Structures are given as C-alpha cells and as structure tokens.
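Consider the single chain below, provided in structure tokens and representing the form predicted on its own.
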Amino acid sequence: MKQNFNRILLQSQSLGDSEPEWLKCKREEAIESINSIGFPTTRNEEWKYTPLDEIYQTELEIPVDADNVLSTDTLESASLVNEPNLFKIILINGKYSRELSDLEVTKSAPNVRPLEELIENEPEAAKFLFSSDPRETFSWLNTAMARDALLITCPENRTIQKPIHLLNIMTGKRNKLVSPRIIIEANANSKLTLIEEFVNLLPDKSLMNAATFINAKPGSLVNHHRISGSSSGYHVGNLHCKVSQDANIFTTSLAFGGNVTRININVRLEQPGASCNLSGLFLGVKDELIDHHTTIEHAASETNSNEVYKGVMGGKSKGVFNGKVLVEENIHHVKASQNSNNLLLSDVAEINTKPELEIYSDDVTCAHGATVGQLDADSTFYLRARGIPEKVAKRILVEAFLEEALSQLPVESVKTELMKIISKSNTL
C-alpha cells in the first residue's frame, strides 16, 4: 500500500517545475502530513465500512496532457445532464478546458479563473486556492497532486440566472489518480446554482479524488448539486462549506455505480442566521459500496440545519450513512434535524446508518432518526390486485421513495436517466 502511494507522491515533484515557491511548499507540507498520519484503513472508525485495499495496491499514474483529448460527442454521451440552457465548465483529468467550456462574457455569468491564470495575474488569489487544507488524508492528497485549481466567483449582490454545470471527466489509458480542485466564492447577497458531475471513462481501478470548497458570504444563497455516477472505478469526494451570517447552502448528493464511492461533506455554520439543507440519495444495483459521511458544525447562535439522506440498495451492494451534528458551547436558539431513510431490495444488500448528535449547549432543538426496511408488502399487493405486474409495482414504489430526493435536482434529464438505470437493472 505505502509503496504505490509513495511512488505517485514522488511524481508530484514534476508538477512543481514551473510553480511558485509557495505552491511547492504547500505540496511538500501536504505530503509530510500524509506521511505523518498515513492513509486510512478499515481499522479507523471513520473508514470501518470503506475498504480501499484494492486501490492502495494499484499502480496509479498522474495524467498527462496527451490524455486530455476528448470530443464534444463523447462529452455529451458521458453526462447525465442534457439541458441546453446552462453555463458549462469542463475539467478533463482535473484540468480546466477553456475550449470545451461554454461561458458567456456577461454580467449574469460567473467569473471563472484557473490556477495558471491567477498565478500570472493575481498571485494572492492563486494562494487563496490552496489556503484551505482540512486535516484529512485525501484532502492533503488533493493538495499534493492537483494539476490545476479553479476559482468560481459570484460577485456581490448578483444572481447567476442559469445553473452552472461543472463536468469532471477522467479519460485516457491506464489507471490514473485525478485530483480536481474547485473553490466557489459566493460574495455578499449573491445567488448561484452549481451542478458538479463526475464521470469516469477510465479502467476500473482509477481514482477520482476531488476537493470542493464553498464560501457562502453574508446573505448569499448557494445551491450545490453533486452527481457521481460511473460504471466502475473509485471515487473519493470532499466538500467543505463555510456559511456566514444569514447565508444559506443547499446541497444534494446523488451517488450510484462505481466500485467504491466515499463522499465527505463538512458544513460549518459560522455566524448567526446561517443555515444549511443537506439532501442525499445513494443507489446500489450490483455490488457497489457507497459511503456518505456528513458533519454539520453549529458554531454560532440562531443557526439552522436540516438533513435528509435516502439509500436504495439492491444486489450485493452496501450503503453507508454516517451523519454528525455538532453544537458548540455557549450558543443558543439552534435547530437541527437529521433523517436517514433506507430501502433494501435484496436479502444480501446491506445498509449501515449512524446518525449522531454532539451537543454542548442547552437552548437547542435537535432531533435525528434512521429507518431501514424493505418494500411494503401491502402496497405491492394493492398495486398487483389492480392488474399491475409485480416488477412494475415494485418500481413504482421505489420511484415514490426516491421522489423526495430527486425533486431537489434542478434538471429533469438526471431524474429521467436515473429511472432508466433502475428499470434496466436486475434489482427489481
């Protein structure tokens, strides 16, 4: 395990040939932190249900520019998002592609700047791209291995009218480690919607190790929708959010397919009036393992959070949800609600769910709950008694269970494609 990852960490030195000294130091610090703590295994409580031994044993490579050639037709067929009226940002193997992206130069468009451009023209803004470095191994790995970074800014008092579709694609040959890094700055009283989609067109042992940072400044509203769905491969995604006074973050996570998917979502409500809504849906139809870990920190009074995650697992798949709500000391008027609802569609599918509350203040209203069950036999019988075949009846019930989570997505094409995946599978 250590040998393979030490080898690819050594490759990170080649990224710094033309980089400024501060970025080289950042990468070296990240590698030192990884060497100090090591990569997680199932012996770590936070990773007990997420085996990564196979990916640790795989010889991964850093992508090269020659791998980044991709046609428009391939892009369109790879994505679940097919709506025309969107701003489009394309990252291929972690690098921004200006040629394939579609961004209008208008006041209603977001301001999108890649690392290379910022290093040349705005060095302080470039440093900001690497200013956040959570104490977590895969976040450090992203810092060490990111070939690019993208700053997406929404100006103060401005609404980005169209959703932004950010498509991350892994492509090329052989097994790769791809490390996209996205920073979203929503300035005061701004509004934006971002759909962040991850697609793997590489062999089944490649690793997408993504890091996204959202800074919601006072009075802003950020709608963030995360989609990770590939036929194979490994996916580790870290989403870190900071929410200021009277700002709101609404984030959804849709995960399906792949070999192992691990998504960490961390939200810190830093000032009074901050709020967040987390919604998630994970779907297994074969032998996938899909693991969501969420943490919401209430660090100020008058903060609210609401969280609803749903899992549907069929075949031999395994689902994990671990949600933690932390209320810090000496704050008041905090409201937090958390629910994990799960559906098992086979006798060998598994769900492990663990909602947690950690409360250090008195004047709070907090609740959590978790359910794991199978399709209701009476409901199935009711539909069959009206002439509906058993498989169709079960699909109707699954779709009804999914509807709440899918209704949060801003694009219809994703809902349609997901239902096709369900109907084509042997899950029902």
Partner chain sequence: MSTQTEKLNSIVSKNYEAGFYTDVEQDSLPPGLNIETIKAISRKKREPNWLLDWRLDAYDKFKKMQEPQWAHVKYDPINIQDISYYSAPKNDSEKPKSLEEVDPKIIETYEKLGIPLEEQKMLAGVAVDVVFDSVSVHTTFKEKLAEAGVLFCSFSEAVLEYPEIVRKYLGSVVPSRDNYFTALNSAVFSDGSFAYIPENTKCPMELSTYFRINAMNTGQFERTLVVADRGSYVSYLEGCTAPRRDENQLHAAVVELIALDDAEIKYSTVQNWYPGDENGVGGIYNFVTKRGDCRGKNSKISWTQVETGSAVTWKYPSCILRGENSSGEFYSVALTNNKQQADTGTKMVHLGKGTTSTIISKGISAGSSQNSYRGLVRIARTAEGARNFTQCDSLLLGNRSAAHTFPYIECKNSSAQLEHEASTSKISEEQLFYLRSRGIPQEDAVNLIVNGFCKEVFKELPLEFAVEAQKLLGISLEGAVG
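Numbering follows the first chain given and starts at 1. The model shown is predicted, which means the values in this text are computed figures rather than measured ones.
FYI, the form predicted together with the partner chain isn't displayed, but the following is about it.
K.L.:
Could you spot which one of Asn85, Asn330, Ser71, Ser131 gets a heavy atom to within 4.5 Å of the partner chain in the predicted complex?
P.N.:
Partner contact (heavy atom, 4.5 Å) among the options: Asn330.
K.L.:
State the residue from Ile396, Ile388, Ile37, Ile359 whose non-hydrogen atoms include one within 4.5 Å of the partner chain in the predicted complex.
P.N.:
Only one listed residue qualifies here, and that residue is Ile359.
K.L.:
Find out whether any non-hydrogen atom of Arg384 is located within 4.5 angstroms of the partner chain in the predicted complex, and reply yes or no.
P.N.:
Although the partner chain is absent here, Arg384 would stay clear of it in the predicted complex, with no heavy atoms inside 4.5 Å.
K.L.:
State yes or no: in the predicted complex, is some non-hydrogen atom of Glu54 no more than 4.5 angstroms from a non-hydrogen atom of the partner chain?
P.N.:
Close contact is absent here: in the predicted complex, Glu54 is far from the partner chain, nothing within 4.5 Å, heavy atoms only.
K.L.:
Residue-level contact is defined here as any heavy atom of the residue lying within 4.5 Å of the partner chain in the predicted complex; does Val392 satisfy this criterion?
P.N.:
No, no contact at 4.5 Å.
K.L.:
Can you tell me if Lys286 lies within 4.5 angstroms of the partner chain in the predicted complex, counting non-hydrogen atoms only?
P.N.:
So Lys286 does not count as contacting the partner chain.
K.L.:
Tell me which stretch of 54-62, 27-35, 366-374, 399-407 has a heavy atom within 4.5 angstroms of the partner chain in the predicted complex.
P.N.:
Correct option: 366-374.
K.L.:
Of 344-366, which residues get within 4.5 Å of the partner chain in the predicted complex if you count heavy atoms?
P.N.:
Contacts from 344-366: Leu344, Leu345, Ser346, Asp347, Val348, Ala349, Glu350, Ile351, Asn352, Thr353, Lys354, Pro355, Glu356, Leu357, Glu358, Ile359, Tyr360, Ser361, Asp362, Asp363, Val364, Thr365, Cys366.
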